[in-house]
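Have a look below at one chain only, the form predicted on its own, in structure tokens format.
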Amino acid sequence: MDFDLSTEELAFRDEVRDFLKDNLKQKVDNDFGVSFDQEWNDKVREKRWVGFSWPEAVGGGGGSIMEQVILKQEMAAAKAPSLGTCFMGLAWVGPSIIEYGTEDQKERFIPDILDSKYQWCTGYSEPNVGSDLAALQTKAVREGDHYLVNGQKIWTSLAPFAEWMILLVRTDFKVEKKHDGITCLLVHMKTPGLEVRPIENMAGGSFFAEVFFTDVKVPVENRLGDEGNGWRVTLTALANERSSIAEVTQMERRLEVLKALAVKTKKYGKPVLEDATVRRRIARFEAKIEAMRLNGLRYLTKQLKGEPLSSETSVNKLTRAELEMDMGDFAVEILGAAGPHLRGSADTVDDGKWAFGSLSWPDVVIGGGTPNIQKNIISERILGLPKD
């Protein structure tokens, strides 16, 4: 595949770089501040770079796949703030509503997602079903103009902070195939009978939660897609989450920060980067990130050819998870006795961000599917191995 940029794409890249040069007033450790964040969001929203690949008819930018790659890579390379802060809405919910939603749903939800008015969470995983999402048991029974929902979700990303949830429920327990009979609902988090119990991680954060549903009434007008068609809606959402290679640039920037830490941290009076063992570990990180980049180009090639992404996207998800854990542990390790100290300790380094990052790995590793789930997908769907 020829990845040389066209004249138009080069012009767009220059436009993005000029914008970053004029508007990115970076501070130490990307501490932009609330006022800057609001100003930044207003500017990128005005340029329609939030939801850049979405159709212009719904308020998106109508950008091409290649332009989207250019935009995200340039933003990541410049360590710019996010293009919008409604993370689940932009990654999963918005694309699903655009494809399967009614006109009323598009008018109701899409502008708020683009304007980052609130957060969304995803009600997918459940206790006792492990990696088998289609085995979900949360039940929804239609009663007139609403569904009555009962059940439980777990490891629900952003649930402690979200205003809306995209929820998978089972509306038919008599189907022959478990992927049938699943329905997708859009649920407000303040609906009576819905209870959120945050799950605190080792660093004290609460990115995940358990969510309980007891006779929760959801209007039929909040159903996304047809009843029983929720699995197809979910596949659309998951495909949109993993179709970009911009995260490779983010990992490259993170490794640069780790290298700088290895230079300024001393061992026996010398930078730890001079230690051969440290250099070998950094080389392994670089090799994995390069593998992610090449694999990402494979995804991009399929997208440019109009081919759907398949299970090979799990390869990068698994590699990213391994890197998140290994790089976090590496940072704490080279700091020695100061490594485990969080914010507030007299012995902390860089305000404890290394220890906090190391202890917060579940936020990235569990979200979107655990490493074991990704390994099962790779072994069964790519390598053709029998199911465990």
Partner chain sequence: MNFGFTEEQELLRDQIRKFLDTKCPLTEVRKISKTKQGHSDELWGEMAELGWLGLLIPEEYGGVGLGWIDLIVLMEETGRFLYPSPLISHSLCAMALIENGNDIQKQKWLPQLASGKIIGAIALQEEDERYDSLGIQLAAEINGASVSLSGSKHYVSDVAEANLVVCACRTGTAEGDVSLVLVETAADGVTNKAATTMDATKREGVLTLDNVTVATDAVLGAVNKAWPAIERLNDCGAVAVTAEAVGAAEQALQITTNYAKERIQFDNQIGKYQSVKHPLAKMYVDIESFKSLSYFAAWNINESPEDLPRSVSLAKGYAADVLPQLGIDCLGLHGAIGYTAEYDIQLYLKRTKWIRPKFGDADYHFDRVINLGGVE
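The model shown is predicted, which means the values in this text are computed figures rather than measured ones. Residue numbers count along the first chain shown, from 1.
The protein also exists as the form predicted together with its partner chain; that form is not presented, and the subsequent description refers to it.
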Exercise for the section: May I ask you to state whether H188 is within 4.5 Å of its partner chain in the predicted bound form, using heavy atom distances? Expected result: no
Exercise for the section: Classify T301 as contacting or not contacting its partner chain in the predicted bound form by the rule of any non-hydrogen atom within 4.5 angstroms, answering yes or no. Expected result: yes
Exercise for the section: Considering only heavy atoms, tell me if R17 and its partner chain come within 4.5 Å of each other in the predicted bound form. Expected result: no
Practice task
Decide whether E286 counts as a contact residue for its partner chain in the predicted bound form under a heavy atom distance cut-off of 4.5 Å.
Solution key: yes
Problem - Per-stretch contact check against its partner chain in the predicted bound form, the hit in 290-298, 214-222, 113-121, 132-140 (non-hydrogen atom, 4.5 angstroms) - result: 290-298
Fill in the blank from the handout: Among V272, L90, M75, L318, just one has a heavy atom within 4.5 Å of its partner chain in the predicted bound form, namely L318
Practice task
Find the only residue in R280, K177, K266, R253 having a heavy atom within 4.5 Å of its partner chain in the predicted bound form.
Solution key: R280
Exercise for the section: Let me know which residues along 62-77 have a heavy atom within 4.5 Å of its partner chain in the predicted bound form, or say none if there are none. Expected result: M66
